[in-house]
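Below you will find one chain, with nothing else, as structure tokens; this is the form predicted on its own, and questions on how it binds or moves follow later.
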Amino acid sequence: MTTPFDEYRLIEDEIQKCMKCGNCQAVCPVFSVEKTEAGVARGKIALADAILKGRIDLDDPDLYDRVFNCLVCKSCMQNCPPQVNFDKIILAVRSAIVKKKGLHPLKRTIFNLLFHKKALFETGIKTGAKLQSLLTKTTQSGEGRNLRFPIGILDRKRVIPSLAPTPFRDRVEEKIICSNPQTTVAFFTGCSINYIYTGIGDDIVEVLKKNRVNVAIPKDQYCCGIPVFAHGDIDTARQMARANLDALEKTAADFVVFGCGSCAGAFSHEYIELLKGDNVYEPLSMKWKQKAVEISQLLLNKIDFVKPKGQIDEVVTYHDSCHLRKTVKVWKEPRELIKAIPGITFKEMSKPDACCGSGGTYNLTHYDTSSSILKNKINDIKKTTAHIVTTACPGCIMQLVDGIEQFGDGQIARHYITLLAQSYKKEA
């Protein structure tokens, strides 16, 4: 198996496509805050070219800082005349750095626990859930938690989510059967829904049941692997991809559904790139790509959707998850579902697809830049006068809750499926 993530020089053709026009500057969230060439795609492509030509060594500490100062939000790719696949370039550079220098010890430990010692990782999560009140306190809004004192790279003022007392997959049946089902789906929960926002998982299951959909929730699914892939650990990301495909194969489901844009992007795009040349798993990745649907796609395009009747009198806006809009190409369907709820007044932001600055762990490693990007997003939300900002990404919800606490006016952030589930419940 040889991909640009295994052999860095295979990215040369992609690098040469860059016209150096600078169109990426207009949409890059990092550049919008830092205003430096190194922060934009064009600058990073120049660095990648310099590595190929031997002018910069992979051991250069400045290179590491610049290459990882990127959200990989793919905004630049939407505004690029020659359609440079910048994600391939930046992830290939990161993989090359990791191959030469190795992972940071903390990242190596976390990724090893996440996949190779999953039981130990989950024990740690459960222990953390029990002890979180010792280290954190609930915010006044009740939407998150503040640290009682600084811990590592976590800023004391930032808002972090609560860990669920019991992970979602530990407390739900692996198979949920409906009478007269329209179809059978596998629900890929991802990490955030499993360990933090378990209520979103409940809402997704309830919505699927209301629409007469059988649900399989594989216990042996792992993290989708995108956070690991984004940090250059190509080998672990591949192992996670293979394990997840094996778990789905056991379900014999017609579709695999997601409540997270990043997880949906993994199956619709990244797994194809990761597993190219793998005689067993490349075909499997293609098979499940065809079956992969974000839940709004399933409801509106694959089955007969049961329209909600319960009244919810709220002003609502919608934030586009970068991966869902820019990788999976889904943005119309969530809005259509929101607008279908009786009583909802929908207000569009001026820049609904602008990145919120989360970027997985980017908001941990580059908090000041992330926070400035987030402030712009919260200001855009405020202009809509909406009380509820919805999204399709739990990671974005975490970021938005932090931003609302610091820059907002008491808005609340919710998964759009939660509103649909609430409407169904009110109807009942």
Partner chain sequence: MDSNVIERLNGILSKDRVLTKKADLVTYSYDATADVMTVMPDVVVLPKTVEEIVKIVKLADETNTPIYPRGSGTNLSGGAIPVKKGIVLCTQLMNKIIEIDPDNLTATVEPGVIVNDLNNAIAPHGLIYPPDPGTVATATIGGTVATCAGGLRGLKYGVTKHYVMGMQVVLPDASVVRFGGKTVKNVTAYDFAALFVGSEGTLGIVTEITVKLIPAPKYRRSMLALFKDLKDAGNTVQGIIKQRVIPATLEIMDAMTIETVENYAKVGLPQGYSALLLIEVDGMSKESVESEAMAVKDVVTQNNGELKIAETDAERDKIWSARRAALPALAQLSPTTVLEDATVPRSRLTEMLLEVDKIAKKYNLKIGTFGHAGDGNLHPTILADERNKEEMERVHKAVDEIFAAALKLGGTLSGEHGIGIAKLKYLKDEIGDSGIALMRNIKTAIDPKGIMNPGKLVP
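What you see is a predicted model, and the numbers here were worked out from it, not measured in a lab. Positions refer to the first chain, counted from 1.
Keep in mind that the form predicted together with the partner chain is missing from the display, and what follows is about it.
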{"property": "Heavy atom within 4.5 Å of the partner chain in the predicted bound form - the one residue of Asn279, Ser350, Gln83, Asn180 that qualifies", "result": "Gln83"}
{"property": "Single option in Leu47, Ile388, Met398, Leu58 placed near the partner chain in the predicted bound form, where near means a heavy atom within 4.5 Å", "result": "Leu47"}
{"property": "Contact check for Ser162, Pro167 and Asp170 against the partner chain in the predicted bound form, heavy atom at 4.5 Å", "result": "no"}
{"property": "Interface segment, criterion being heavy atoms within 4.5 Å of the partner chain in the predicted bound form, picked from 370 to 378, 58 to 66, 356 to 364, 389 to 397", "result": "58 to 66"}
{"property": "In the predicted bound form, Gln25 touching the partner chain (heavy atom, 4.5 Å)", "result": "yes"}
{"property": "Any non-hydrogen atom of Glu12 within 4.5 angstroms of the partner chain in the predicted bound form", "result": "yes"}
{"property": "Partner proximity in the predicted bound form: Gln16 to the partner chain, non-hydrogen atom cutoff 4.5 Å", "result": "yes"}
{"property": "Exercise: Lys35 in contact with the partner chain in the predicted bound form, heavy atom 4.5 Å", "result": "yes"}
